[in-house]
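Okay, so here's just one chain, in structure tokens, the form predicted on its own.
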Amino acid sequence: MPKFSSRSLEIFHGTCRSLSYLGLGEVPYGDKLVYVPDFYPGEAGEISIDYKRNGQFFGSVRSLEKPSSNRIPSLCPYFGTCGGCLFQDYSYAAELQHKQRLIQNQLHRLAGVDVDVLPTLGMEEPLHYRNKIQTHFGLSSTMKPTLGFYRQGSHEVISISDCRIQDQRAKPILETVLQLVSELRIPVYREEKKQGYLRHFLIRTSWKKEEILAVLVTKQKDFPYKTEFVSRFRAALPQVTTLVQSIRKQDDNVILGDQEEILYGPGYIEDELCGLTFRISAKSFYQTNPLMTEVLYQTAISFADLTGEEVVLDAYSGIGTIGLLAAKHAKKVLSVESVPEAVKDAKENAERNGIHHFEEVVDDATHYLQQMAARKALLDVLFMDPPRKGSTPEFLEAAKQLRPKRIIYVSCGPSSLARDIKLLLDIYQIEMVQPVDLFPRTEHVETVVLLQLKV
């Protein structure tokens, strides 16, 4: 079982009453509430309090005395060590129910509303769904190169090539990359010493096409045996259709750099979603679970109830997925995104799909919406799909000034969703709330909310 620390502040017998929004078991202990990973509602056992952070107590299970009927054997050998998953040993049906309750609780607690949240839409088999695999280079205890994921709660790299939630096509690619790096003795980046060349390795796979994009993130543009590495990589991995080098010179935790070099191939891949073709480059935002992304976007489009006469805005649009899908049913679609590379992809996607009543803009979503409000522009339907931290009060105020008939909020952060919705409830009412599980076996969940302008 996962443990935060071997040093315990206190030890007690406790029972899990519920799961927190981060998927941790909530265990009452006197006047304390202790958050414990891998401890599910109804379970009882011996708990250690390991540390206190920001006024909250975190612990671990020393011995499980009463397991939940929803506990199942984990088939992942890295579960509890790798920090990528939370629910590998919890039934998927119970996980979906938890995510439904989570949305309901956050809307009640942070927005002050009690609404019926629909059951979470999930996968038939929550396996091998991730089309984006982000791994890190490191060194083992014997100073050999490793490539994998961070150990839970640290930046120590655990070599993992076979992950139960990533696309299975990643496994031979990761194994080959590690073999090449070891054979060529290319120094990996050492975070503590700010030395070395190879930092991260990313894979993006196409769901509907046999295309794979690989991204090698390096400290500098040039590194030892670069030409030989690329040559041997290409020969050993013909399934990888393009390889891009991303240069991140800054000593920070940001993954991708500002400078890119295409080492071979076109520098992007294409995928199909809901009948449209999309171009995906290294920096493009594209949902990581394509099967459930179709469910998510179809839900969002159905909530919009478009008739073909509406002016639609797709805010925080990424490569334009929602806006391009809405364009099939709308009079005009505006798409705003702050990342230039993503907007370039959106333009290519519009042309590739023959969609001409679609306008792409490089701008901050808040700034753009404020400009629309200032000139009293016409807007019938607003789609907003902000990052996990949510939108801004200024964006929401501009939205209220524009008064679109419907706002469809697509969220990946239940807390920020509830916080933002609260600011809209003076003139909008919640009509539908639909959780969609794009991230099985993790604490994350997407939600589509339909807000209707009050008469």
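When you see a residue number, it is the position in the sequence shown, counting from 1. Computed from a predicted model, the values in this text were never measured in an experiment.
Although not depicted, the form predicted in complex with a small molecule is the subject of the following passage.
- Taking the partner from elsewhere, no residue among Gly138, Phe149 and Leu202 has a non-hydrogen atom within 4.5 angstroms of the small molecule in the predicted bound form.
- A single residue from the set Val177, Ala365, Val244, Val333 has any heavy atom within 4.5 angstroms of the small molecule in the predicted bound form; that residue is Ala365.
- Pro387 is the sole member of Pro393, Pro387, Pro67, Pro28 with a non-hydrogen atom lying within 4.5 angstroms of the small molecule in the predicted bound form.
- Not displayed here, the small molecule is kept clear of Ser74 by more than 4.5 Å at the level of heavy atoms in the predicted bound form.
- By the criterion of a heavy atom within 4.5 Å, Gly318 is counted among the residues contacting the small molecule in the predicted bound form.
- Although the partner is absent here, Tyr297 is a contact residue: one of its heavy atoms lies within 4.5 angstroms of the small molecule in the predicted bound form.
- Looking at Leu325, you'd find every heavy atom of it more than 4.5 angstroms from the small molecule in the predicted bound form.
- Contact with the small molecule in the predicted bound form, judged as any non-hydrogen atom within 4.5 angstroms, is confined among 150-158, 262-270, 357-365, 82-90 to 357-365.
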